[in-house]
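Just one chain follows, in the form predicted alone, and it is written as structure tokens.
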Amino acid sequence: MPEVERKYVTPGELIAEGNYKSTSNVIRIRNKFYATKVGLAEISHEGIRVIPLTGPYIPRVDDLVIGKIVDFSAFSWEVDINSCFFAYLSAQSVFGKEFSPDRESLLKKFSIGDLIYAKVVAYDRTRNPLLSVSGPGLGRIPKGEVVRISPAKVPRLIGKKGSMIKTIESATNCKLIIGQNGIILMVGPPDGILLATQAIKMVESEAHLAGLTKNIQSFLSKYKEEQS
């Protein structure tokens, strides 16, 4: 069997039998593994997982997301995170526990329309997600261009051990920051951003196909040859 075996599956379909570790979107019954979503099943020595090909972004604690400030109150900002849920960033988590709306204006930190890179720190389906910008690299995004893809395709864009992202960054001279909510920030030269956008969209449209990494490498190499 090759290092990674991939196949298209539907919910309830038997993926494999044997002594595997199940990860995401897979249910195990004895030694049989079944898909719980429509997607691309990956079978390797590391385990079995299904990468969904459709579906909205459902927040999970510790996810890193890119969001847009869309509103604010005296005590928090409301953030669009490309989900059916708006998220909230509390002023106290930004200014500190001694925050008082009488002393501090939220607009000193973030304004409506600002993009932020944040972490989901709380979410349990009974309330909207809570965000934090405490941590390296988190906070307001000062520059860059944004492209959106289906959140379900993000794992394919990242690739195994970040292989796909590294391939695109190397070929385009762009830095890519990935939000697990399907929003990707690109920072780099204009021609690099254009090429990165095309490659990212190609990953999205061909996520269900085997040999995707080679296809992307071929596309990027061909572009470079045409420009030289």
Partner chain sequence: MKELIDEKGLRIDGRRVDELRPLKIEVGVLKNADGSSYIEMGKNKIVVAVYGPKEVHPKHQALPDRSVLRCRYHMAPFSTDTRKPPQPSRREIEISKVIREALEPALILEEYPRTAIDVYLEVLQADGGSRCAGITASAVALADAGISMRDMVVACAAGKTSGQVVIDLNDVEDKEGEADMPIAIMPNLNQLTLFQLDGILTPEEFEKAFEMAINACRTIYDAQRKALMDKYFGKAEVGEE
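Numbering follows the first chain given and starts at 1. Being a predicted model, the structure only gives us computed values, none of them experimental.
There is another form of the same protein, the form predicted together with the partner chain; it is not shown, and what comes next is about it.
In the predicted bound form, at least one heavy atom of residue 210 sits within 4.5 Å of a heavy atom of the partner chain.
With a 4.5 Å cutoff on heavy atoms, residue 220 does not count as touching the partner chain in the predicted bound form; it lies far away.
Although the partner is absent from this view, residue 170 stays clear of the partner chain in the predicted bound form, with no non-hydrogen atom inside 4.5 angstroms.
Heavy atoms of residue 95 never reach within 4.5 Å of the partner chain in the predicted bound form, leaving it off the interface. Taking a 4.5 Å heavy atom cutoff to the partner chain in the predicted bound form, the contact residue among 174, 48, 165, 40 is 40. Within 4.5 angstroms of the partner chain in the predicted bound form, the stretch 120-148 places a non-hydrogen atom from each of 124, 125, 126, 127, 128, taken in sequence order.
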